[in-house]
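Heads up, the chain below is alone and in the form predicted on its own; it's given as structure tokens.
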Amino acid sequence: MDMNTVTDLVPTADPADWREGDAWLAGGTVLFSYGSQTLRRLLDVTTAGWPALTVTDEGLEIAATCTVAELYAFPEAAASEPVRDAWLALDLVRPCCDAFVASFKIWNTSTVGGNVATSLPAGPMTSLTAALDGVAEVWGPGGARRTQPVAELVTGEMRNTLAPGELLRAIRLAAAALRARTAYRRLSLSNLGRSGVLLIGRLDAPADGGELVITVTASTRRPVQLRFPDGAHPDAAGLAAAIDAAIPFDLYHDDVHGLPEWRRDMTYRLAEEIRAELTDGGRR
């Protein structure tokens, strides 16, 4: 979509350059599809030259400008690296990328940071990074820096805690979360439809605390995490009670991709499948 109010494209990743009427531009796949009648300038962060993916002693840093295609290729690219055998949770990367149900043109343009910052309930990069306890690094005007868990940064449909002028720089996944066993479940009302329900379970290794974490996305307007410490993993009834307590009915999303009642019922169903797979060895 043409945005005929835009007069300038500014190559910068410095929040000091931001002013009212600006928007940060990475892939721009959502920005250009939605359009705008108010924007005056686009601040192009793709010129910053940030490495897409960086393996560190602490885990994995994903630049906000990392494309879906680059992230999708990472598990195979890392196959010869010691981290690939240790980081079992990399198995989540490709299913989450596939959840875009998008063409190669989108994969080579759309960015991880852009998907999280757009904050759609069905944003699969939000699902992936929230489930792995991703922590966002946010840059602000005046040299301000802050960090916040992705699960808290996204607060609702196209709503988040990013203030005007703030820029999502990167998301960091801790090695402990990447070492976890995981389970993935997704449902859509059609084969090529937007996710109506997307749940990811994570069982941390005993050496990392043994916590069971189930992250609910797509069915809810914001990510919801259910956390159970080692020694207190729930049975089916306990899990259902935890979902009751954590997700009021009005938090379930309602749009053409699924009624709240369906999303609620499928959340219970898929959460129990994940619980059984990770804690009961797959027994039902």
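Since this is a predicted model, take the numbers as computed values, not measurements. When you see a residue number, it is the position in the sequence shown, counting from 1.
The form predicted together with a small molecule is left out here; the points below concern that form.
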One stretch from 202-210, 173-181, 117-125, 140-148 that, in the predicted complex, holds residues within 4.5 Å of the small molecule by heavy atom: 117-125
Residue among 130, 197, 154, 168 with a heavy atom within 4.5 Å of the small molecule in the predicted complex: 168
The unique member of 55, 30, 52, 246 whose heavy atoms fall within 4.5 Å of the small molecule in the predicted complex: 30
Residue 134: touches the small molecule in the predicted complex, heavy atom cutoff 4.5 angstroms: no
Residue contact check: residue 101 to the small molecule in the predicted complex, 4.5 Å heavy atom: yes
Heavy atom of residue 26 within 4.5 Å of the small molecule in the predicted complex: yes
Any non-hydrogen atom of residue 64 within 4.5 angstroms of the small molecule in the predicted complex: yes
